[in-house]
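Given next, in structure tokens, is a single chain: the form predicted on its own.
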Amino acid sequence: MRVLMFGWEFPPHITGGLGTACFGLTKGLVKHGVEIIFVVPKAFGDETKEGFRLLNASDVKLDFRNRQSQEFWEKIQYMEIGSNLVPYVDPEEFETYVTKTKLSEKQIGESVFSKQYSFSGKYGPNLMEEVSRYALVASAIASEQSFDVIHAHDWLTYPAGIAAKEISGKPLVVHVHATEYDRSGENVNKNVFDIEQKGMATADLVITVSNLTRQIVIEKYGINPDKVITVHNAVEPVERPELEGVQKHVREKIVTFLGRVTYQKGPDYFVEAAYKVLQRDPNVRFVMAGSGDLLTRMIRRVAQLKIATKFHFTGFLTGSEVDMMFAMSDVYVMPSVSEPFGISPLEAMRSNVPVVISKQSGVAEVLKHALKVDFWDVDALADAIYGILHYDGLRKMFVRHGKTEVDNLKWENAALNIIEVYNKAVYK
């Protein structure tokens, strides 16, 4: 089985769980003998390539004399990024992005249709332009490569997957790691929704990372339930002996939130719960690790609650910094409003950190040894944090059984389920 796979990011250059999931899944598939051509908009040269080919879309040259490709290229439309997508980037960049002047139609035509593109591979003001360009490049790649099935990760690559399917006639599998409803609630960006819906409708099969996401795909996007299959995410096993016994240099217990500081992740509930915990025990420090459009608001709220001396904002953390943060943490909290899956609790449990997660998360479907609360129930969230911090038997139980539970959630097992989806798409 040979797979043409489209992603938007790849470790170590990631902004969240999407790149991490793509890496783990790819490694798992390779272990089972699947050949993979993994395409990214921009490769930086330091990516880990273990048994598969990483193809840099920025290196691909286009031939507009190719009649078959021209038929697809003519359908490509440019769409401007919506302001509610800006949470993907740092708040410092938000000001710059939303004030940028829109491209004129002439500029759009000249920039989208050229012989070779240099992608940023980021979530910037020209995101939709890059999504369109990526689809153009995908059509060229699909006309040159040999493969059995196409696998496109998340909405950014769905147009690329559709292009590859139209050019090659091969079956398309789209992988839903998140939907616009997760990112924006009911205030969806119509452009993104339309891309998601078209991708799912065009695909031969749709993979969702949880049953929670599967229901959204069926109910909100109108996709036939028969072609929507859930394959839960996993976590990459990592041995970091150098982190054992790491010193945190503070006497207090540490409670950590790690993720984008956006509506979807529920950072405001974390702040409110922190205040309630500190009323009962002032010997606790809270850490919010990440960046996003709500960061400034969170800083202001912490100041209003007068808990700034017990609250720390780290900004975005890289892979090794994340491991260090978990090594210093006593509790990890993920109070997401809507979380398709959520790999970070698995990473925390892998590091022997007990976790509190929202019931509104896909990972809650697979974890037994985690405290689960409704994201909006700040009192229950505070009680759960306080309980783990103060009842040693409870903490030890979650650490011991949680580590064993997570060690059994392997990407190579998830990969077997993905291979079943490929076979169903190819041989149906």
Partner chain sequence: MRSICLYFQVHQPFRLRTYRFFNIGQDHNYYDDYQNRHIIKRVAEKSYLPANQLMLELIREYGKGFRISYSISGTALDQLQIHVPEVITSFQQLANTGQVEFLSETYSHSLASLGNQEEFARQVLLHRNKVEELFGQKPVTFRNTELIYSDQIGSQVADLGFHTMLTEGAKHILGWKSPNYMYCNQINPKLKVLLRNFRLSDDLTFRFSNRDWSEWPLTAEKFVKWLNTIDKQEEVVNLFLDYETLGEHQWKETGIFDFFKHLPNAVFSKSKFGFSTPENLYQDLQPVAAISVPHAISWADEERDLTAWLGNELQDEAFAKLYSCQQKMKNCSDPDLLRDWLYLQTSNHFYYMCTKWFSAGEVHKYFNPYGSPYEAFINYMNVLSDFIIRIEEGNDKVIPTNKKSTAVKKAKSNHGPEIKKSDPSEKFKGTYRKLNFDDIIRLSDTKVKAIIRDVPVETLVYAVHGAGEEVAFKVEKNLGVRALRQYKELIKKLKKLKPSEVTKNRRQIIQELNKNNK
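Just so we're clear, the structure is a prediction, and the values are computed from it rather than from any experiment. Residue numbers count along the first chain shown, from 1.
Not pictured, yet referred to below: the form predicted together with its partner chain.
- Although the partner is absent from this view, Glu35 stays clear of its partner chain in the predicted bound form, with no non-hydrogen atom inside 4.5 angstroms.
- Using a 4.5 angstroms threshold between heavy atoms, Lys306 stays clear of its partner chain in the predicted bound form.
- Within this chain, Leu29 is remote from the site of its partner chain in the predicted bound form, having no heavy atom within 4.5 Å.
- Although the partner is absent here, Arg300 lies well away from its partner chain in the predicted bound form, with no heavy atom inside 4.5 Å.
- Exactly one listed residue, out of Asn283, Thr318, Gln215, Ser146, brings a non-hydrogen atom to within 4.5 Å of its partner chain in the predicted bound form: Asn283.
- By the 4.5 Å heavy atom rule, the three marked residues Lys276, Ala370 and Tyr386 all count as contacting its partner chain in the predicted bound form.
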